[in-house]
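Presented as structure tokens, the chain that follows is alone, the form predicted alone.
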């Protein structure tokens, strides 16, 4: 996944260079796909909060397919909650951008036109609230990353002490958080007697629809119990499972895409050929004909969501922390080491007994496909990028599996090494003594714990396991403490590369 703010903002096109835009579409080489519809006839029906790389490589592509199929009232208005970078890059391009699909065979370029406008919430919060409150908006979708929900990952409940939540309760008309915008807009719909929009989370949260629904209702109840009851009765929060690997766009990517187009694209997105979207079919306000664009509509997303979180996301995080410590810059580079590839496979195999999948689901085939996708040499997905926000990701990616395996009486050594990799990473110093740029909402707290404990596993592991918002009661389980402490001891002793190389399944 990608957040809405890139590490490196897009460079300004050089004076005299032609920019990707509606007026310049005819200048594109013939093999470049472009919107097969009249964008001037498309009206918005979706507002998307968190218009980062993942959304533009995933949901926006599905909507682009639907618009090409004849839909005209499901265009997207994107909103960045914090940064103006995406708006500033794409507005001069009429919000057009390139989807670069990379594989070992080469790169396929496609121009996406489903995003009609981009707003920056912090600049004009009232304008975004009005857009959300407009009855024409029937779906509000989100990719704001796990930390964007202002919740406690271990419990899935609203963090009432989060500074954005405290601000939004005091300033409902100028909110900072996605939750604040949703509730204020829903409150206006209720007052106006208008039906509510559907809230469609596309983030890697456990039971994302149920979770965001609970958080929204908890926040609404702090404002008005009647509002919370209305939301509970009237608003749909379908759960989803989204799957596509989308690395951070680099300046080299921009240069390569612009060269292929013969036009400057200030912010293309790069991705893999694989894409999947599974959606719980609950849209009382209406929805696009998703199925015609390859979306799988189901009555219960939960098994597929667990499969993805515990197989793909868990192994991705394990490779990110341990691979970074071993000196690998990207996931593909990490996968060239047979021992790391075997370790990723073991993470998946250990998770399999905790999954309850519909009959006919081929978990072994899915796992094999993940290993192939991770090894795609054309995707430069940085271990550092995946390592971000670990405190928000660990509960659903790694800890839930550990909890279930302990309940089943199964060993947790594989996942314990992955968690130990995270612990070693958040100390902020790598194995060569260089500083690690740890990006995490709890970075300051984790650093203070690490500095107090020092590089001693017997002190550091128990101290981090006591961070209740991450580990909850699992952190007090003696089997958990023993396994993680042993793994961290070995990491400090021999380093990540040798720890993975010598790892043996218990």
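Residue numbers count along the first chain shown, from 1. What you see is a predicted model; the values in this text were computed from it and never measured.
Another form exists, predicted in complex with a small molecule; not displayed. Remarks below refer to it.
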Checklist entry - Only one of 295, 266, 386, 416 has a non-hydrogen atom within 4.5 angstroms of the small molecule in the predicted complex; which is it? => result 386
Next on the checklist: Just to confirm, with a 4.5 Å cut-off on non-hydrogen atoms, which of 313, 354, 152, 376 contacts the small molecule in the predicted complex?
Outcome noted: 313
Checklist outcome for this item: Per contact check vs the small molecule in the predicted complex (non-hydrogen atom within 4.5 angstroms), the hit among 403-411, 313-321, 168-176, 344-352 is 313-321
Item to check | Contact test in the predicted complex: residue 110 vs the small molecule, heavy atoms, 4.5 Å | outcome: no
Checklist entry - Is the gap between residue 204 and the small molecule in the predicted complex 4.5 Å or less for some heavy atom pair? => result yes
Next on the checklist: Considering non-hydrogen atoms and a 4.5 Å limit, does the small molecule approach residue 381 in the predicted complex?
Outcome noted: yes
Next on the checklist: My question is simply whether residue 159 lines the interface with the small molecule in the predicted complex - judged by any non-hydrogen atom within 4.5 Å.
Outcome noted: no
